[in-house]
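Here's a solo chain for you in structure tokens, the form predicted alone.
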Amino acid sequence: MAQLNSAIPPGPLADKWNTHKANLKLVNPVNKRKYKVIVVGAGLAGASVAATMAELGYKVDCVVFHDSPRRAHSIAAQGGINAAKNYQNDGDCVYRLFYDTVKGGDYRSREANVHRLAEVSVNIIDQCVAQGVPFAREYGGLLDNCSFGGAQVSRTFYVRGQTGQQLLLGAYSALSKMIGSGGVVMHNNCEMLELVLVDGQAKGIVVRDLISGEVTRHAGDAVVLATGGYGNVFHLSTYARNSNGTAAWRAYKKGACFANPCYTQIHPTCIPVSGDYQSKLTLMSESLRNDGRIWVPKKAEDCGKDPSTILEEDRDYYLERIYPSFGNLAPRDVSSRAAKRMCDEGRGVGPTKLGVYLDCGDAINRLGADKVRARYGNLFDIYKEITDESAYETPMRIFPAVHYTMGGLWVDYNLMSNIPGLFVLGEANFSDHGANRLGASALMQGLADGYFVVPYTIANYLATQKPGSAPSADDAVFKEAAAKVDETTQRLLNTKGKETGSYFHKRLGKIMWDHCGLARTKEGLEEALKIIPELREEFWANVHVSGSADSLNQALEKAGRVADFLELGELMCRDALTREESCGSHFREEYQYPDGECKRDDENYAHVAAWEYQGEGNTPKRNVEDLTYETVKMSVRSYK
């Protein structure tokens, strides 16, 4: 049975992190170069931790399946990054950011981790400005801020609609410096396929070179996973198509607990699905909700009309009506469910009737088109490119879509999993967002973990390991792990079925969306738990992977990731079925108030569910970490 010791330090919440840092074990500067840290992933969390660890003097191997870290999916984050700077003098502070994040997560995150995130947020902006990130500025030259859902202050720093890209370029510049100095050895086009444990501790990985097909073994003193989320289990999502859950899933199958896998964020501001041919969805940034008003026609018979012909009194600005305190800046989960209710009532718009309007007309009239273009121009360009419609002239159509996963590998306060030596950062872990992530907090968490948390806490672990004692990649345990990778590869190649990995992925995605998506029911989840294993059995009997293992083979890559999704999807449904409450983005239709809001069960479910692998064919074990709220009182989450 896994031991879930959260390692939360004692003392007042506001003092925990500084006190903890002062008591962590340290590594002598001369000894740092005797330790090697393997970092998997090179997005914001991976690039920042790799660069920082190398800057401190450690040897770092960084593995990424892209041809360059600049292709990491962090670049797709459009809207902004939160920090409690209070530049707008509107009452913001560390405590308010902490409180908004805990409330936004529907009281299902760990208080101590969230408070630390709010504390270090103020350092992130200074770090990024020093790296040259071109944040938007006011006329006088000061950094500008906008608002995001779930907050009543303006704390979001942004770079037009390309914040993630610019932050990643800042982290990439720091990483490039350390690559150039020899502190980081980069392994591009390499996908992690196995975690290696030595005496129960994470000491290495096995990777496949996606160009040559070569399988190689990498040994070190600790492993850091910064591999993002698993939302592509739904097939259609806002993730890049290559995003996957394989690294985290392989770690789970070696004993790392997977926490709250059912917590999937549905983002309300996505361009609606337009047909069966689509392979992914495109997001319109939540930042648009600062100036865009969301509405549907009051009468179903008006839904097919040109929106410009629908009179103001015939429009239902439903977020402003239902949630007057927050209006169009209600949190993502709340806004997504509200959009679904409007469509369920028969008032959806667009060809499929699964859409609502995001209308920037008032802002254009108030500010002028040039001002709106300066704030959001590239988002309007993206919308025009995809829909062939100008959002300057007609409202955007949007609908909820899978965007982020709050679940992930369980970690303690030090961001170490229950496997000693395995650290998990950013979206790949579970710790900071609870059952729902507020907008502009993903970039904040990734950079906080990489720049300001793990560089301290990993030393506490490494100090317990003898310098220079890392195992050899030629040890038997590494060879066994590589043989297991080869075995799985050959199994995929030798099945000789008739259907591609994409065929099974698409079918799985529909099952997941229908039964474990925007809303869940007991009956639907039980049905999913019946048909997913059947689909997985069919996959292993009928998948077709062309080509060979010793060259570039994207069909092989895809099939391996879909095999993992088929197992992960089942765990997500099992977790959703077991959690008999509604909280945040986990909405069980059986548990709601008369007005359609989430009905939590704090007496029975104020905990983290951390699932432990029990071997192939066996039901995983559900471990529990109780959540205690010493500072924030758990209450009904209301944005009205």
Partner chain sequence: MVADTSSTKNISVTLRVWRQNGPSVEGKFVDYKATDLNPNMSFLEMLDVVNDEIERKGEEPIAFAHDCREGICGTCSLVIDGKPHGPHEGVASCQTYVRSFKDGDVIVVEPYRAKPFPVQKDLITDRAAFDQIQQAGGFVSVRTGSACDANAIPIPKEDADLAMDAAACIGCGACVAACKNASAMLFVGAKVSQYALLPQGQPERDKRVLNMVAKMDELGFGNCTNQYECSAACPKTISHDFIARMNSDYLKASFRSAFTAKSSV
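These numbers come from a predicted model, not from an experiment. Positions refer to the first chain, counted from 1.
The protein also exists as the form predicted in complex with the partner chain; that form is not presented, and the subsequent description refers to it.
For the partner chain in the predicted bound form, the listed stretch (325-333, 248-256, 220-228, 351-359) containing residues with heavy atoms inside 4.5 Å is 351-359. Here is the short version: of 508, 125, 262, 120, the single residue with a heavy atom within 4.5 Å of the partner chain in the predicted bound form is 125.
Note on contacts: among 76, 535, 518, 477, the single residue with a heavy atom within 4.5 Å of the partner chain in the predicted bound form is 76. For residue 597, no non-hydrogen atom is located within 4.5 Å of the partner chain in the predicted bound form, even though that partner is not displayed. For the chain shown alone, residue 300 is not a contact residue for the partner chain in the predicted bound form, no non-hydrogen atom being within 4.5 angstroms. Shown alone here, residue 452 lies within 4.5 Å of the partner chain in the predicted bound form, counting heavy atoms only.
The closest non-hydrogen atom of residue 166 lies within 4.5 Å of the partner chain in the predicted bound form. For the partner-free chain shown, 159, 160, 162, 165, 166, 169, 172, 173, 176, 177, 179, 180 of 159-185 come within 4.5 angstroms of the partner chain in the predicted bound form, judged by any non-hydrogen atom.
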